[in-house]
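Just one chain follows, in the form predicted on its own, and it is written as structure tokens.
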């Protein structure tokens, strides 16, 4: 465990479970509100926004950096996931983060760790669940374990991964965990591109081409005022197909159940889009019906 500091900021870095436990024992009291920001590293302004929100609403902020192997169903995606540890620590120093935990695989999936299992039902059968079998089980395994190790009262997740937030909320309710899930709006660059660690793998030209996702979502919001969900979906699909991106899916869903909407709207209906730019999988979503 080490203390990394600048003139103004100190961030505690823990690289093992023992170091994490020592830090928490020395720094946490029964009254401390712990805010957890789980990440897979390659941190950007979207993660920074989560940390800022956590700093404003918690007493002690822990950021975890762990590339979880069990939620990747594509080995190439796992091996190509960007790793920027030094830059991550520098960013967290600037944000006055209290502790960053870099667990090892054996810390997360130790021989004595038993995930009790969960039935996600339809949440694991639609959109990401359909296209990435086993993904959300892996998400639940690692997030449950991180909750177990850090004991937070609050946990912060970005709505760019909208379905993931729904799954984690379901898991917290399923196990009756005393943790508040705090969803945070998607961070975007000045042109509207959703910030993502995977953007590091895009060329500047690809980043420009990827703006079709944001533009399609914005147009869908306009179209929803005069069209049915199925009509809006078809126009969105055509918009992506007319671009250089390779469409995986477009869905318009009720935000709580994730049921597909076709002939009538629900409040806060959300459009979710996934498409590929080269071999980089891009995901975005937006509330298109207030």
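Residue numbers count along the first chain shown, from 1. Source: prediction; values computed, not measured.
Keep in mind that the form predicted in complex with a small molecule is not shown, yet the notes after this line are about it.
Site annotation in the model of the complex: the residue of 40, 28, 48, 240 reaching within 4.5 Å of the small molecule with a heavy atom is 40. A single residue from the set 206, 84, 164, 187 has any heavy atom within 4.5 angstroms of the small molecule in the model of the complex; that residue is 164. Not one of 11, 13 and 99 comes within 4.5 Å of the small molecule in the model of the complex, counting any heavy atom. Proximity to the small molecule in the model of the complex, taken as heavy atoms within 4.5 Å, picks out 134-142 from the listed stretches 206-214, 119-127, 134-142, 88-96. Mapping the unseen interface onto this chain, residue 223 falls outside it, with no heavy atom inside 4.5 Å of the small molecule in the model of the complex. Under a 4.5 angstroms non-hydrogen atom cutoff, the small molecule in the model of the complex has residue 68 among its neighbouring residues. Although the partner is absent here, residue 157 lies within 4.5 Å of the small molecule in the model of the complex, judged by heavy atoms.
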